[in-house]
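Just one chain follows, in the form predicted alone, and it is written as structure tokens.
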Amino acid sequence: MALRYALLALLEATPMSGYELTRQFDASAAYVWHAHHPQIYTELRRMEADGLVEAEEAPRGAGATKRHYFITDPGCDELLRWVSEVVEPARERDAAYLKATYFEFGSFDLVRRHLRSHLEHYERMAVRWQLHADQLERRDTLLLRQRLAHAPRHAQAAIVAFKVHVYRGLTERAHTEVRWARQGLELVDRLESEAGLPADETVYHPTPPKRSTT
């Protein structure tokens, strides 16, 4: 359901067509909540059915139309309700860390490939999140400017600061993942040296337990 609230927040900044909304989503909320475009259109239809948004037909080109979506009063109320709801963080479901727990079922070279992939991903994400945080701090995104244009003056600093705080935090998280992957690569080098195994040989082959014959 988090996608719904991201879309409501985007539409609070300005009315948009479905296409415009997907573009703005990719440039903002997608940094913290991945969704495919068909999911966004499906959720828009549900939100319209629930009265959280309304759509108006607008001309598009010669004889064509497009739908512009507007947040409604019930949509604003639902956005406020969602933000006011304090929930515990989700329990861990991390596929990369789960697999790393059982790296002994691979070779040292295989483990290195996993860790290098992890390292490269979070190096890219650290740069991406840092750049976005800097851009928000400069108030240099279209959506942020649109939101600030109709927000009361006393709220503007908070609108910017909370978003910058999120992306600074994500940047720090990425740096932590980079350090973890580098430490893992050092660990693999040490374990390989101690084990004396070829780099491409499986460290430990899983075997089914012996069953009693009695």
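Quick note: we count residues from 1 along the sequence shown, nothing fancier. On a predicted model such as this, the values are computed, not experimentally measured, just so you know.
What follows is about the form predicted in complex with another copy of the chain, which we do not show.
Among the residues 45, 145, 60, 154, the one placing a heavy atom within 4.5 Å of another copy of the chain in the predicted complex is 154. Within this chain, residue 138 is remote from the site of another copy of the chain in the predicted complex, having no heavy atom within 4.5 Å. Among residues of the shown chain, residue 35 is one whose heavy atoms approach another copy of the chain to within 4.5 Å in the predicted complex. Not displayed here, another copy of the chain is kept clear of residue 133 by more than 4.5 Å at the level of heavy atoms in the predicted complex. Among heavy atoms of residue 176, some come within 4.5 Å of another copy of the chain in the predicted complex. In sequence order, 70, 71, 72, 73, 76, 79, 80, 82, 83, 84, 85, 86, 87, 88, 89, 90, 91, 92, 93, 94, 95, 97, 98 are the residues of 62 to 98 having a heavy atom within 4.5 Å of another copy of the chain in the predicted complex; the partner itself is omitted from this view.
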